[in-house]
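Quick setup: one chain, the form predicted on its own, written in C-alpha cells, and binding and motion questions come after.
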Amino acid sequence: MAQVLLKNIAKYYNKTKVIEELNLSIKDQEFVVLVGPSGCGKSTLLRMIAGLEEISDGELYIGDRLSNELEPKDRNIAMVFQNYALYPHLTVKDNISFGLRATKMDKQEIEKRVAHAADILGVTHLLDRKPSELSGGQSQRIAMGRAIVRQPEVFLFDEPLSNLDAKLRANMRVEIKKLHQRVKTTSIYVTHDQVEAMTLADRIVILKGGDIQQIGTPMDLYHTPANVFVATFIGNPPMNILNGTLTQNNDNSDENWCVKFSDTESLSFSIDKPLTTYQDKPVKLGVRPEDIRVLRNNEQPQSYERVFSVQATVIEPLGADTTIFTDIAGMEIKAITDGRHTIHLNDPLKIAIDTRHLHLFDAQTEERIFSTQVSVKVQN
C-alpha cells in the first residue's frame, strides 16, 4: 500500500502544454477518480504515473520513492486498460498469471494468488476458457484479476468500462467498488463519465485543459462546485445556468436579494450576508434540475419556492422521472418531474424553483460566489 504524490508535474509535447505544474496528493488506500472531457490530460497523467509517458517536469512519489526515472515494472503498480489486453491464445488462468510467471515466481505461490483473485472476482469457473469464450464483463474481470495477483501498491484504471454496454457498466461499477472495499489498495481511476466518478470515488479530481478545477468528495463537488465548469460537469442532467443582474431588494421583504433575468422575469432569495461587491453587476445563477418541480393543477408553492409560468418545449421520458425542457427569459432550463404524470409538448406549466439550493457565480471568472445550502463565501 502507498500514497501517491505529484509535485509540480508537467507534460509538454514539443512546445504544447498538456499538463503544467499540477499538484496532487493521493492517500494510502484512497480511491481517486480523475474526470474531465476528452483532451483534458487525465489519461496522460495516469500514463505518467504508470511510467508509460515521460514526465517533462516535477516529481512523482509512489510511497516514499521518487519514481520519475523508474521503469514501469519497478513502480509496483498494476494497470487495467480499456481494451482488456488479454492474450487470445492463453487460457484465463494463464492470462491472470502471465506477469507472475515472467518474474519466475514459485509455482505454488502463483497458484495461490490466481485462486485468490479468481475467488474475489467470481471467475473460478472460467479459468480454463480462452478470451474468445468470454463476455465483455468477464474479460474485464480477468483484466482486473491479472492486476490483483501482482499485489501492487497502486491500481491504475484507464477507462476500463467504456467498451461495455450501459447495464454491464453499472454492474461492473459495483464490482470495482466491492473490489476496492475488499483489497484496500490505493486506486487511481480515469473516466469521462461523471456517473462513474460520483459512484466510485472517495475523492474526485476534475480536470480541464490540463489544470485541476476542483478536488473533493462527490457530495462536495455536487453541493459546492468551485465554478461553472464543475457545476455543469457534475450532475445529470447538468445544472441550469441563467444569466442575470444581481440587485438588492429594498421592500422589507424576507428575500433581500434578487437576480433579474429580464424586465419581467426575476428570482428573489434570502441570504444572511451582504453581497454588495456584486450589487447591480452581471452574475450567473445556477439551479439543478432536481431543485425545480412542476406544480400540479392548483397546487400551491412552498414559502421557499419561486414560481414561473412556462411551456414545455422538449420532453424526455426516462421511466421513473421525466426531464422537461423549457425556458425563462429566453434561456433554456431543465426540470425533473415524476414520470407517472403525463405532460404534453407546449403544455402551459408552472415550475417552482427551490431557493434553498441556489448557486451564484461571477459572470466574468465563473468562480462560485456562494451556494445557499452552505455558509456564504463572499469574494472581494
Partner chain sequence: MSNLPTNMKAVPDMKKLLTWTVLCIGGLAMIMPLIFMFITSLKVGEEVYTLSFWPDEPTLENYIYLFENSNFLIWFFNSFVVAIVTTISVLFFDSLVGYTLCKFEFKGKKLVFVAILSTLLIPTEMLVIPWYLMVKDFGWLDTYWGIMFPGMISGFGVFLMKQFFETVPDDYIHAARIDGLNEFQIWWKVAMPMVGPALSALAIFTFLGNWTAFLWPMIVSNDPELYTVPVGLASFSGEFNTDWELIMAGASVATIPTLIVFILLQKYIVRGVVMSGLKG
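Keep in mind that what you see is a predicted model, and the values were worked out from it rather than measured. Positions refer to the first chain, counted from 1.
The same protein also exists as the form predicted in complex with the partner chain; that form is not shown, yet it is the one meant from here on.
In the predicted bound form, at least one heavy atom of L86 sits within 4.5 Å of a heavy atom of the partner chain. Within this chain, A231 is remote from the site of the partner chain in the predicted bound form, having no heavy atom within 4.5 Å.
Contact between F81 and the partner chain in the predicted bound form is found at the 4.5 Å heavy atom cutoff.
Using a 4.5 angstroms threshold between heavy atoms, I206 stays clear of the partner chain in the predicted bound form. With the partner removed from view, the residue among L161, A197, L221, I77 that has a non-hydrogen atom within 4.5 Å of the partner chain in the predicted bound form turns out to be I77. For the candidate set K73, R296, K167, K273, a heavy atom within 4.5 Å of the partner chain in the predicted bound form is found for exactly one residue, namely K73. No residue in the set R306, V307 and L345 has a non-hydrogen atom no more than 4.5 Å from the partner chain in the predicted bound form. Only one of 173-181, 142-150, 221-229, 116-124 places residue heavy atoms within 4.5 angstroms of the partner chain in the predicted bound form, namely 142-150.
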